[in-house]
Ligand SMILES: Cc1cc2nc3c(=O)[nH]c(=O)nc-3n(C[C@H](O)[C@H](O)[C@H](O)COP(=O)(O)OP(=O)(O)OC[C@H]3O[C@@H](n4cnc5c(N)ncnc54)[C@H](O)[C@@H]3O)c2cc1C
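Just the one chain here, the form predicted on its own, laid out as structure tokens.
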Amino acid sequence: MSESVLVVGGGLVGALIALRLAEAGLPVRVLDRDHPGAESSSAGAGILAAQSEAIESGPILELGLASRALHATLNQELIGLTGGGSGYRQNGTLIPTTEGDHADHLAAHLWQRTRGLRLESLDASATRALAPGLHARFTSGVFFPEDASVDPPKLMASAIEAAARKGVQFEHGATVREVMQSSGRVTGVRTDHATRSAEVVVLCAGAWSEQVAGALDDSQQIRPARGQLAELALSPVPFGPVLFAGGGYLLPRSDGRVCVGSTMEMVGFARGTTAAGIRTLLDRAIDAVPALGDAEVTRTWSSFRPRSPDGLPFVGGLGVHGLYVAAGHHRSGILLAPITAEIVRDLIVDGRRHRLLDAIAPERFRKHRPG
């Protein structure tokens, strides 16, 4: 059986790439080792912190800003196609500060104003207006009003449905072991059960991408970074924006849930949560917003972020005609998924290279592969 395009991995990046390629008229099949969206795409927090987590100007900031804007239009597109949307909310992100550290936090981000980006230095009154539940030691804040958030399970479900409505075929339980190639061209993939022919293969297997033979080389390592998260329920939630405090974050949902994250542990593919990890999350949350001490713990979970050697994704061609990768997004997979899908679509459909592709292209690590 031959396909025009095989996408290996049905997370958010893979689903959106499949959607964009199907819109361009290509027959697309997504192969996933589990159910599409079962791993980090549905397990992440969904913070679109293009500004508040930016430490410097450069290509990654530009990609994050462009993709954050695409999330707003993607939400409307998904509502039109499926009725579901992504749960997109432009609720902003807030770094609560004290008298002792406000100047440092502000200075670390003030360069953004030279780029015409919005951020606000808040006094005590303005900070309390946004987050009345903050601990009393927080007397100020740095606010990024254009940062936003999505609800990952809702976004993932809508993206899969939208792609399916455009003709994309999703196949679960299909573990891809190897990308097949001949004479410098991709010919398909080998799964546990069969060899599947294709003219184009896009590797989007997240933390498992390195386990697919014949694609990445030894320099392009993608390692799983486990993140533990917790969900609390408290009504009303005593803050509106996403809070970055104490080395973690608190993300309020519109229905009274609060997502608390996250750890980062290089423990391989060891699943599950730990007492120490969850205690760290809860301690941070209650320290920042004392009222969360009375919240119900409704869920704890972990996921594997795909981390490259420099923490930036691999997006682009892999030196074999018809073979592409979109993986290694680490903590920015949900944020960068829309722009990644457009970059890969443009490469495949008409060979157009995004002006910022070099920063995330796999060639930056790629060793020479003879032949």
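All figures in this text were calculated on a predicted structure; none of them were measured in a lab. One-based numbering along the sequence shown.
Quick note: we don't show the form predicted in complex with the ligand, though the next part is all about it.
Only one segment in the set 285 to 293, 109 to 117, 170 to 178, 129 to 137 has any non-hydrogen atom within 4.5 angstroms of the ligand in the model of the complex, and it is 170 to 178. Contact with the ligand in the model of the complex, defined as a heavy atom within 4.5 Å, is made by all three of V8, H35 and S41.
Of the candidates F239, F143, Y88, Y249, Y249 is the one whose heavy atoms come within 4.5 Å of the ligand in the model of the complex; the others do not. Of the listed positions (V28, I334, A341, L63), a single one reaches within 4.5 angstroms of the ligand by any non-hydrogen atom in the model of the complex, namely I334. Proximity of V201 to the ligand in the model of the complex: non-hydrogen atoms within 4.5 Å are absent; the residue sits far from the partner. Contact check for A205: a non-hydrogen atom falls within 4.5 Å of the ligand in the model of the complex.
Although the partner is absent here, G227 lies within 4.5 Å of the ligand in the model of the complex, judged by heavy atoms.
Of the heavy atoms in R305, some are within 4.5 Å of the ligand in the model of the complex. If you take 261 to 292 and check each residue for a heavy atom within 4.5 Å of the ligand in the model of the complex, you get just S262.
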